[in-house]
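Let's start with one chain on its own, the form predicted alone, as structure tokens.
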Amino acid sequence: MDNIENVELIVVGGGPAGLSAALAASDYGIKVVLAEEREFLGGQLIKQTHRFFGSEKEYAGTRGIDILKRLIEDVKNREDIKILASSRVLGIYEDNVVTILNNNKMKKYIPQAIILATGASEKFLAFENNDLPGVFGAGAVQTLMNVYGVLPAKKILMVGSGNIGLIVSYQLLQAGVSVAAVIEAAPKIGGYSVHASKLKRLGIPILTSHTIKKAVGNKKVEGAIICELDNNWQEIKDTEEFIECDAICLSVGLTPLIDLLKQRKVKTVYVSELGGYIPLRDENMETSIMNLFVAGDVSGIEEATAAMIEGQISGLTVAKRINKNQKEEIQRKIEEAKKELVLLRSGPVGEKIRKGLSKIGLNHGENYDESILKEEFDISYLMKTGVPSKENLESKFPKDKKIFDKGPIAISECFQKFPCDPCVKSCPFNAISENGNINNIPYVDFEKCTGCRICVSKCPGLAMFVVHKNYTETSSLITMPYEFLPRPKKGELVNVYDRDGKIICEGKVIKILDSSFQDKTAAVSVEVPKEHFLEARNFKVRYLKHE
């Protein structure tokens, strides 16, 4: 065993939280050892090809893989950060010694502070034949597709409708894999409605109050038996249905990876809203052990944006404690980061997180704006089916229908309150507003809107459309976001679909905006018969199959 090395800070985990923590501490001259057990940095970001929600300040509208590139480039340019890839932290002991296995050599470190950003593991589900080859976790499917370029199946059944289940289903479709259905045991969709609506427009069934009973097959998955559940989560008799598929993907939640924390005897508590056992910690992310901090999913399951901010808070807190100068500046940055977290969690979708945090004595709710906690209108039908109700749509259309006659206008089909603002920030005419709070639903000022189409490509939820009702005397032009390959060609005839994924007419591709500005979300304008201008919301190139 080599000699013991004294260091200022060890960060365990090279995902978004760990990278952000290392950078925040390094900003104030702290020397950091960053240990990652895999051969590459990135954590879950390396699999995330979709755009992030949240605020512009926290990379909203940027794809996860592109956020990762920025973080890694920044980390590698810091002389104060020493990266230990392929390095497994084996122990954190009471004398503050940390043992790390690197290149088959065990080495001891004595840090002044430790930040654990070890992330989470996937939960599994009990059902008959769940050990058949072809039963995957969603993380494994993403790793196969987005890291190694391997298709996991030809036709897959997704179990779970949280954001991960919905996003992975969409990515499977982009990769050319058919998705038989998304089933969800709860009576409503677990993820953001915009993710569900993307799938519905592609014709993918989303079956709430359904669960899987059995994987069918001998040596591998050849199908699945699903059934309906009643209000008490009990199987409804005679509702069994066979789903043909060659793989089953489980996306049923995450649980924090707290093994090292338990070894160090950090106090933990079970909080179901945060994924299971989590460490007790304060608002600066410090655990019950002084100078041992956490950040990201290991402290409770949330989105990656929250993980990055928590990483900043923990890194800055370490810097403030070790650095002899700039303490006031560091504290100001810590407070700014905390305000960002409060803002992200202040809407209806943050209620579960707030409830979990309150159980460990944090953020008791006094900082949250009560006026935005409730949805503006009933979205229960949307959250059951992925399709907005007629009332939901009317709330976002112009009250004066003559507005449609003035020319192209943007229509926002975002109906759920969650933190996101790229559509607002992208509009050069200030025509889109969330009324001063990132958690509010965006509305379009139709008098200001010019129908420029910028928002169509910038919305991470693919919920912005531009409608030109009177394109000709008999036709309308609908500009829609499109993220599949190959792209349609100008003049090509396509099948046009409604919000439920049903074909309604034939359309003709008129314009395609697909430069680097669109960042792989093309804005495609399709001419449709005028009677369909309020229904046409998707199209498919005829020789491609998305279902």
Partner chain sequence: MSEEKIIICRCEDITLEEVREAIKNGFTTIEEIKRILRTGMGPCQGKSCGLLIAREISQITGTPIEEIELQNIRPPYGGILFKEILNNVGDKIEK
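Residue numbers count along the first chain shown, from 1. Keep in mind that what you see is a predicted model, and the values were worked out from it rather than measured.
As for the form predicted in complex with its partner chain, it is not shown, yet the points below apply to it.
A.B. asks: Is it the case that Gln326, even though its partner is missing from this view, gets within 4.5 Å of its partner chain in the model of the complex, heavy atoms only?
C.D. replies: Although its partner chain is absent here, Gln326 would stay clear of it in the model of the complex, with no heavy atoms inside 4.5 Å.
A.B. asks: Closest heavy atom of Leu260 to its partner chain in the model of the complex, within 4.5 Å or not?
C.D. replies: Contact check for Leu260: yes, within 4.5 Å of its partner chain in the model of the complex.
A.B. asks: Does its partner chain come within 4.5 Å of any heavy atom of Lys406 in the model of the complex?
C.D. replies: It does not: once its partner chain is placed as it appears in the model of the complex, Lys406 has no heavy atom within 4.5 Å of it.
A.B. asks: According to a 4.5 angstroms non-hydrogen atom cut-off, is Thr143 in contact with its partner chain in the model of the complex?
C.D. replies: Thr143 lies outside the contact set for its partner chain.
A.B. asks: Just to be sure I understand the contacts: of Asn470, Ser426, Ser288, Asn130, which is the one whose heavy atoms reach within 4.5 angstroms of its partner chain in the model of the complex?
C.D. replies: Comparing distances to its partner chain in the model of the complex, the residue within 4.5 Å is Asn130.
A.B. asks: Under a 4.5 angstroms heavy atom criterion, identify the one residue in Gly91, Pro348, Gly203, Pro187 near its partner chain in the model of the complex.
C.D. replies: None of the other options qualify; the answer is Gly91.
A.B. asks: Taking the partner as it appears in the model of the complex, which of 144-152, 178-186, 437-445, 131-139 has residues with heavy atoms within 4.5 Å of its partner chain?
C.D. replies: Residues of 131-139 come within 4.5 Å of the partner.
A.B. asks: Which residues within 439-473 place at least one heavy atom within 4.5 Å of its partner chain in the model of the complex?
C.D. replies: Going through 439-473 in order - heavy atoms within 4.5 Å of its partner chain in the model of the complex - there are no hits.
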